[in-house]
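Shown next as structure tokens: one chain only, the form predicted alone.
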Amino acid sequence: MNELLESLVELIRRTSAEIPDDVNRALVTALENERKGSIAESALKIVERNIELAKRKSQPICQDTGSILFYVDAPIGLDQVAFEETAREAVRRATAKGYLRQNSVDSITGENDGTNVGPGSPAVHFHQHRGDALEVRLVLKGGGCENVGAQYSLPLEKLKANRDLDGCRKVILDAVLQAQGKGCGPGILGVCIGGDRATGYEWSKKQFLRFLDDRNPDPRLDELEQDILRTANELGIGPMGFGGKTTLLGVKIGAANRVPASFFVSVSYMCWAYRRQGVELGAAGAIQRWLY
């Protein structure tokens, strides 16, 4: 097995079986904040045990290992065709080893060939830069949380949401209310203000590459992130919708240019099993360091 293939298989294994440190810290804090003896505390204790068992046994944290999303920051000259071929083979091998469940199916026939490889799976997003570093990030996004994502077109009369940040706030909180514990909360929101229908969702998912405890460099978006996180956690929805203080673990918002005729707000929802990891690779493909 060449070094790149070996590194990508290990990236998949670790992403599937281990929660990143920033997410684990947020879950520990959430557990400490819930009322002792409550259903919310019990739900988070089960989450805590699940995380420990998955890491110790090197097994998937969730039975739904989700959509496989690679984000590659590549230097000029990287053979993207060869890289994607290697990524697809890494998915096949990781699936055979049990690091990924066999849960990618043909959308027309419903057939499952057991490889997790097919049209659109895995999805590989390349971004070229002028530096030397090759960084590969992976997100495994489960279907349950994907189902409660939402996209809004402003203005929206029924929510009295205009084309401004207050209107964005209203629709983002509406997405949390509509989820009502579905999607395996406590969740994390990735949001894009603007773009078109396709790029809005793409940008919203890229927000999941940020650290959970970072702060938005745009002070307007930072204020909106903190406000929505605070307000959502006052709604009483709580872990898995059982009530409690922890409805969301984080909110990450980006903005993309739009055409004047459209104003979309795209909301992607991530479950507590926030499977996101990344590596910096050397010239031969060996792992130099972990990014999260």
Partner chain sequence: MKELIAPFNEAQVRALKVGDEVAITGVVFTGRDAVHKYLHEGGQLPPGVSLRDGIIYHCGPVVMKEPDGSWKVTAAGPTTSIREEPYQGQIIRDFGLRGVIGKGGMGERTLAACKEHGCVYLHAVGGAAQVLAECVRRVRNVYFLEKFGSPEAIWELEVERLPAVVTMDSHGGSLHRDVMSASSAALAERL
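Numbering follows the first chain given and starts at 1. Remember, predicted model here, so these are calculated numbers, not experimental data.
Note that the form predicted together with the partner chain isn't included here; everything after this is about it.
Residue in contact with the partner chain in the model of the complex (any heavy atom within 4.5 Å), chosen from 50, 226, 29, 262: 50. A heavy atom within 4.5 Å of the partner chain in the model of the complex is found for exactly one of 177, 76, 108, 82: 177. Using a 4.5 angstroms threshold between heavy atoms, residue 240 counts as touching the partner chain in the model of the complex.
For the chain shown alone, residue 35 is not a contact residue for the partner chain in the model of the complex, no non-hydrogen atom being within 4.5 angstroms. Contact annotation: residue 60 falls within 4.5 Å of the partner chain in the model of the complex, judged by heavy atom distances.
In the model of the complex, the partner chain sits within 4.5 Å of a heavy atom of residue 54. Of the stretches 232-240, 249-257, 66-74, 262-270, only 232-240 has residues with a heavy atom within 4.5 Å of the partner chain in the model of the complex. Contact check at 4.5 Å (heavy atoms) against the partner chain in the model of the complex: all three of 39, 42 and 46 pass. Along 98-112, a single residue, 101, places a heavy atom within 4.5 Å of the partner chain in the model of the complex.
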